[in-house]
Ligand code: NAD
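One chain follows as structure tokens, the form predicted alone.
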Amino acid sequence: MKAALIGNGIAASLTPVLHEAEGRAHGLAYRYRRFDMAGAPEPAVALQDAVTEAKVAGYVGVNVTYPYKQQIIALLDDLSDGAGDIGSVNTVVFRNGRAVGHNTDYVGFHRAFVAKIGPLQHDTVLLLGAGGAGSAVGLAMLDAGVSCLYVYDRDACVADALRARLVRLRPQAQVLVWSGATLIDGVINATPMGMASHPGQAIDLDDVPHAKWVGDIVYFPHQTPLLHAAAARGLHVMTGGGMAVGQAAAAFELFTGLPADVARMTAHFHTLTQEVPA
């Protein structure tokens, strides 16, 4: 059984290791490789070539990460209801000659957010990044009890498009494009900023002086510059580890048809990163 991860700058990704270890625990001969498009001169062509190669080689599916979660949709035969709502795909299952897109980011982030942020004040939240990951993360937060969500993206049109999508999906929620000077309970980074391949942080925390907590979906490194800055201010932090494990577990189940042991995968993740469970 073979699967893969498609993305740009994914050499440090732990997804292959997590999948293969869970496969071994189930007695599977399961290989999970990377299609890293870093440096590809024509990203769209490289993406299509990678999908075609995986299908022809008999892969059960592929995971998709930055920056392809929305581009991949044009190459698929169908979408699950959740992926269609979110407008983003991070898991593609090949079955009966068809490629069907799913979104397990929503499940992974929702579980992590409820566990780590749920007990804290989270009525008003700032979401950084309105791309494929941001769409899943934004919807998950609304479903986890955030009543007012501010969206920020360097491209204001992209931010407004996500605002409109989320309002359509959850009309009872208040979703606005952030322009600063707003009381914010907490911040979630859903941009690639903080990854080894995208150094830096997506916001200066001076811009959200009243925030009580900060979360990041980046997990390599699991302590990003943004989280370091938040911890230095004494804020509660949520690393990207919970989402990483949750989405991987859900994708494993879609690929293999077997139940993933989330606790086992979480323990393995902590061992790999030396992250201490909160």
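All values reported here derive from a predicted model rather than from experimental measurement. Residue indices: 1-based, along the sequence shown.
In what follows, reference is made to the form predicted together with nicotinamide-adenine-dinucleotide, a form of this protein that is not presented.
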Heavy atoms within 4.5 Å of nicotinamide-adenine-dinucleotide in the predicted complex: which stretch among 35-43, 63-71, 205-213, 228-236?
63-71
Exactly one residue in V158, V177, A115, A164 has a non-hydrogen atom within 4.5 Å of nicotinamide-adenine-dinucleotide in the predicted complex; which is it?
V158
Answer with yes or no whether D85 is in contact with nicotinamide-adenine-dinucleotide in the predicted complex, where contact means some heavy atom within 4.5 Å.
no
Answer with yes or no whether M195 is in contact with nicotinamide-adenine-dinucleotide in the predicted complex, where contact means some heavy atom within 4.5 Å.
yes
Residue-level contact is defined here as any heavy atom of the residue lying within 4.5 Å of nicotinamide-adenine-dinucleotide in the predicted complex; does R98 satisfy this criterion?
no
Exercise: T224 in contact with nicotinamide-adenine-dinucleotide in the predicted complex, heavy atom 4.5 Å
no
For the stretch 236-267, I need every residue with any heavy atom inside 4.5 Å of nicotinamide-adenine-dinucleotide in the predicted complex, listed N to C.
G240, M243, A244, Q247
